[in-house]
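First, one chain by itself in structure tokens, the form predicted alone.
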Amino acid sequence: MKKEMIQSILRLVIALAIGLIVSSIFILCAGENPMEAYAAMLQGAFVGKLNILTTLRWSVPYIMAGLASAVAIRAGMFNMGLEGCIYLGGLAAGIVGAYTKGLPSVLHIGLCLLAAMLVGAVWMYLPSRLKAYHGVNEVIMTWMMSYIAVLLCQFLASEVFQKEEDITSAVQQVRTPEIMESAKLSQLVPPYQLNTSFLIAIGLCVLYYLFANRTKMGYEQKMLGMAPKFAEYGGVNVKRMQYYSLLFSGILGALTGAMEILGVHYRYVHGFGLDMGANGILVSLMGRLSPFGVPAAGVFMGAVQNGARAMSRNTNVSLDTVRILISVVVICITAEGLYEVLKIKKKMREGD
């Protein structure tokens, strides 16, 4: 086990090194020194109170979306509709937060989060049911439903809930009214944006660890993802496990959106969850679906995003070049993680 862990870490370091080397080519093409650019990135992510807290702020949606993806992948499925769940959860929380009055903060926030969870569960009910009990491909189903969810949120926000003054304002954003003060998540270190959603995300990571390593269902889910036939022969209720894994993936995705609205934006703003779903899948793969790896990968992604913005500000590397850099690094790390997951599943299936 120790040897395998060392090999896994070594492969991860090699993948990161390859990503940085390839990215250096783009930085050189921009006329900058790669070492100076990477130093600016590290400084922007980890040097100074503001940078550290901003990195942690950006880590929260990555951790949450990574957990949502990991729950599905552990059962052998890919939820490609996470982005739709994130938007729906954000809209539900924004509406409840804006139009529910007279509640104490704890109840109001709880009601917002509950509304998001219910919407996420309802939206994922159909693909979960069709996958588990009728064998419909969940990748295609969730992917197509994600487009519907995003466009539905845009329609509802702009045509039903948006105020007239917001439509004619200079901002011209598709958005709902601002949520009540009682629905806002508290800032951990005012005036910085890091809020109690960070603590909620850590708490969910702990629950994910307990589920994955201390419960019968967690073991059955792992076996289902690695070797479906072995799990079925061992008495695992495959259909029920697939159904609930995909359903809870949608619930966690909706919670991701809700916490962004309640803790950062304070209203639903269309476009707030752009690429969060795809990044969640990347984070879960980088973290090897592990209760420790996923939050670590989430912090890594938060650091890369925050540091990349600093690098763009302090060097001549354009923001587009920075995006290419991020993509190359993440692809290299994720490809290694996906290879390891598939290799484990192959070994398990050969043993069926």
Partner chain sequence: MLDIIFSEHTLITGLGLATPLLFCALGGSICSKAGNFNIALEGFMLIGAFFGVVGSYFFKSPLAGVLLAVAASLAASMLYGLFLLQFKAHEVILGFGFNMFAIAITGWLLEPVFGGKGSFYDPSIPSLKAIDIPVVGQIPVLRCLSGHNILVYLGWASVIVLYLLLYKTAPGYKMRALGENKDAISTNGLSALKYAYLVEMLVGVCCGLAGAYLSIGGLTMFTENMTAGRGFIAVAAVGFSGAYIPLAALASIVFGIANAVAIQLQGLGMPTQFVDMIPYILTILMLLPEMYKHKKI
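This one's a predicted model, so the numbers in the text were calculated from it and none came from an experiment. Here the rigid core means the biggest group of C-alpha atoms that line up within 1.5 Å when the two forms are laid on top of each other. Positions refer to the first chain, counted from 1.
Here the subject shifts to the form predicted in complex with the partner chain, a form of this protein not shown in this document.
Peer 1: So, L42, V189 and L194: all three within 4.5 Å of the partner chain in the model of the complex by heavy atoms, or not?
Peer 2: Not a single residue of the candidate spot has a heavy atom within 4.5 Å of the partner chain in the model of the complex.
Peer 1: Tell me, which of L53, A296, I324, V47 has a heavy atom within 4.5 angstroms of the partner chain in the model of the complex?
Peer 2: Among L53, A296, I324, V47, a heavy atom within 4.5 Å of the partner chain in the model of the complex occurs only for I324.
Peer 1: Of these, V264, A115, M80, V269, which has a heavy atom no more than 4.5 Å from the partner chain in the model of the complex?
Peer 2: Contact check passes for M80.
Peer 1: Could you confirm whether V106 comes within 4.5 Å of the partner chain in the model of the complex, counting heavy atoms only?
Peer 2: V106: no contact with the partner chain in the model of the complex.
Peer 1: Might V206 be said to contact the partner chain in the model of the complex, defining contact as any heavy atom within 4.5 Å?
Peer 2: Residue-level check for V206: no, no contact with the partner chain.
Peer 1: Given that the partner chain is not shown alongside this chain, does K101 nevertheless sit within 4.5 Å of it in the model of the complex, heavy atom to heavy atom?
Peer 2: No.
Peer 1: With the cut-off set at 4.5 Å between non-hydrogen atoms, does Y125 touch the partner chain in the model of the complex?
Peer 2: Taking the distances in the model of the complex, the answer for Y125 is no, it never comes within 4.5 Å of the partner chain.
Peer 1: Only one of 196-204, 148-156, 85-93, 248-256 gets a heavy atom within 4.5 Å of the partner chain in the model of the complex; which is it?
Peer 2: Every other range fails; the passing one is 148-156.
Peer 1: Could you list the residues in 132-159 that come within 4.5 Å of the partner chain in the model of the complex, counting only heavy atoms and keeping sequence order?
Peer 2: Stretch hits, in order: Y133, H134, G135, V136, N137, V139, I140, M141, W143, M144, M145, Y147, I148, L151, L152, Q154, F155, S158.
Peer 1: A70: CA shift of at least 2 Å between this form and the one not shown after core fit?
Peer 2: Shift at A70: below 2 Å after core fit.
Peer 1: Relative to the form shown here, do the C-alpha atoms of R57 and V330 sit closer together or farther apart in the model of the complex, given a change of 3 Å or more?
Peer 2: Between the C-alphas of V330 and R57, the gap widens in the model of the complex (3 Å or more compared with this form).
Peer 1: Just to spell it out: taking the C-alpha atom of L282 and the C-alpha atom of R323, is that distance smaller or larger in the model of the complex than in the structure shown here, given it changes by 3 Å or more?
Peer 2: It is closer: the C-alpha separation of L282 and R323 falls by at least 3 Å in the model of the complex.
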